[in-house]
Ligand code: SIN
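This document starts with one chain, in the form predicted on its own, laid out as structure tokens.
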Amino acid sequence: MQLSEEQLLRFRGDGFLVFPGLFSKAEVAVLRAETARLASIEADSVIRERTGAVRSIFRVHEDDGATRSVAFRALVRTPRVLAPTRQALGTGEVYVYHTKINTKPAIEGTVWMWHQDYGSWQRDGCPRPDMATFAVMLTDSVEMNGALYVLPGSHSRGRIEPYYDESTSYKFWAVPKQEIISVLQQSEKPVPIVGPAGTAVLFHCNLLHASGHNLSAEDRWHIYISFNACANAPQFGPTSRPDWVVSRNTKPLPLEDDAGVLKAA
């Protein structure tokens, strides 16, 4: 899949692109079955809420490790995912910085505060914001079940110095309250990324985004594939975050079979 010039201009201006119906019901079914299997694993890369419910499953794209998955390995290499990401980042050499499945269980699924991914990734040692995330909805996404919200054009502000939010089960770097209130007051309205399972969105690493509590009776599952330009890989040392959140595999990712997910069933 190739982005048109109009899509590239929209990505540069808005900081995100939505792809309705990018993956079929059959492909989503394979990925959902894998998510259910992975959720039963006990490992550092499986983050749970205080209730024990799964919040996030990391590192599902590799050949090794507790959360390895043939289907998700195939997903990150499909031309539908990899080709537009290469175009958006302006390079043919990208690798997966990390993958995570955010599951937001019914009623219990909690918030992700407003943040920029590069708020954390610069701290990991990535020198430039040559990074983007490709998310695929594995369940129908509606505002009621904690949809992802993005703030159009907010990536053009550059990186906002974050604070370390410890209010949820997965602690991470978020935008300070007064700063995000000011930005929201000056910006156009946030956009919810909603649609049936198989919908996808590609967004820039400085785009402000967040998601709310899942108030519905159904789980909300998204897979987030975060990419980095190979030339932008950080230097690793004793204080680097673990491999399941900052991948040590920085080799260029090849385009593979667009039917790979179905073949992994």
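Not measured: the values here are computed from a predicted model. Just count from 1 along the sequence shown to find any residue number.
Missing here is the form predicted together with the named molecule; even so, the following discussion is about that form.
- Contact with the named molecule, judged by heavy atoms within 4.5 Å in the predicted complex, is confined among 203 to 211, 27 to 35, 44 to 52, 66 to 74 to 203 to 211.
- A heavy atom within 4.5 Å of the named molecule in the predicted complex is found for exactly one of V175, L151, L148, M137: L148.
- For the options T78, T85, S120, N102, the one in contact with the named molecule in the predicted complex, meaning a heavy atom within 4.5 Å, is N102.
- Annotated contacts: W112, H115 and Y224 all touch the named molecule in the predicted complex [non-hydrogen atom within 4.5 angstroms].
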